[in-house]
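Only one chain comes next, encoded as structure tokens, the form predicted alone.
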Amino acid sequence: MRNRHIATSLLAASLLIFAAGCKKKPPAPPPPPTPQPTQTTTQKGPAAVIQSFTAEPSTIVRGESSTLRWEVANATEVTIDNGIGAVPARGSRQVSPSSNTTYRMTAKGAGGDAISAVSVAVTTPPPPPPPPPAAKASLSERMAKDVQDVFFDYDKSEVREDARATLQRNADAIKAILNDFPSAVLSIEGHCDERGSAEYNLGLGDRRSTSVKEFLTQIGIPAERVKTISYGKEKPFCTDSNEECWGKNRRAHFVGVQ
């Protein structure tokens, strides 16, 4: 009886142990969440602001200058193109473009950039005023400046070869002078050196002035605007008594008469 009781107790204990082993295990707790990286937000500064950017004057004549003026706020860097480069946030700069030019300003700021532009128009300078008209030379001034004397050999009235070349040049000047002075007349004076009588030299001077008139009229000078006169030896150009001086006195001299 006692053995049966023990057997029963052992069976009961075994059943309890078996039942305990067959019970479901509770679920495992979920894993902790994975830590996320911390994001740091950077605070940006204000954007750059171009408060003013002007060109004064905006139109210039080539060779003149214009003044760029500007004022910028909140900028870390300010530049102007066309060769100017970095500039302060507030300032001015003279420019002298040779043609129409646009200047572009860029202002950089922590919160954003700003851009502005101004233009300078360049015009061609007007031509210089013409010089004032020169005072008109008088008839005597033109004759003295543009018409040369011609010279003769001793006791001769024929026009020499060198005198012919001079008279050719004189003719162009005489035509221009007579055109500019319509009422003027060309007077050809015949002169001689001191040798010989006064009467003889008056005749020689007349032949000299006449031969010059004939030559000039043959090359286009109007005969009615030419007269001749002889002074013989009465109006010498040079007063020394030597061959060099006498050669200067044997001449035909030209005078304008109104």
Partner chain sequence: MKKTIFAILVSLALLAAAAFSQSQSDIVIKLTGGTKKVIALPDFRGAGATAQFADTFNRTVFDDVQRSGMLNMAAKSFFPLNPPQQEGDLRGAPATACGGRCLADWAGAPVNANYIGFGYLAEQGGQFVAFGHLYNTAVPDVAGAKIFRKLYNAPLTEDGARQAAHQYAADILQQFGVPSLAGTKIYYVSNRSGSKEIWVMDFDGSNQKQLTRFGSITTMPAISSDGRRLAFTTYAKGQPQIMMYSTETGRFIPFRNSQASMNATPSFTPDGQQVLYSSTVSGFAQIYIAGLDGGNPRRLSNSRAIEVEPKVNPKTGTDMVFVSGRGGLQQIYRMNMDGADVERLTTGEGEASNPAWHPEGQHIAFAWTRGFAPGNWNVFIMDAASRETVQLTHGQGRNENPTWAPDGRHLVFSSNRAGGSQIFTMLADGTEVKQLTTQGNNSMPVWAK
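Everything quoted here is computed from the prediction, not taken from an experiment. Numbering follows the first chain given and starts at 1.
Missing here is the form predicted together with its partner chain; even so, the following discussion is about that form.
- The listed set L204, L68, L216, A48 contains one residue whose heavy atoms approach its partner chain in the predicted complex to within 4.5 Å, identified as L204.
- Stretch 151-159 is the contacting one of 175-183, 112-120, 151-159, 79-87, since its residues have non-hydrogen atoms within 4.5 Å of its partner chain in the predicted complex.
- I60 falls outside the set of residues with a heavy atom inside 4.5 Å of its partner chain in the predicted complex.
- Contact between E199 and its partner chain in the predicted complex is found at the 4.5 Å heavy atom cutoff.
- When its partner chain is considered in the predicted complex, R195 lines it closely, a heavy atom lying within 4.5 Å.
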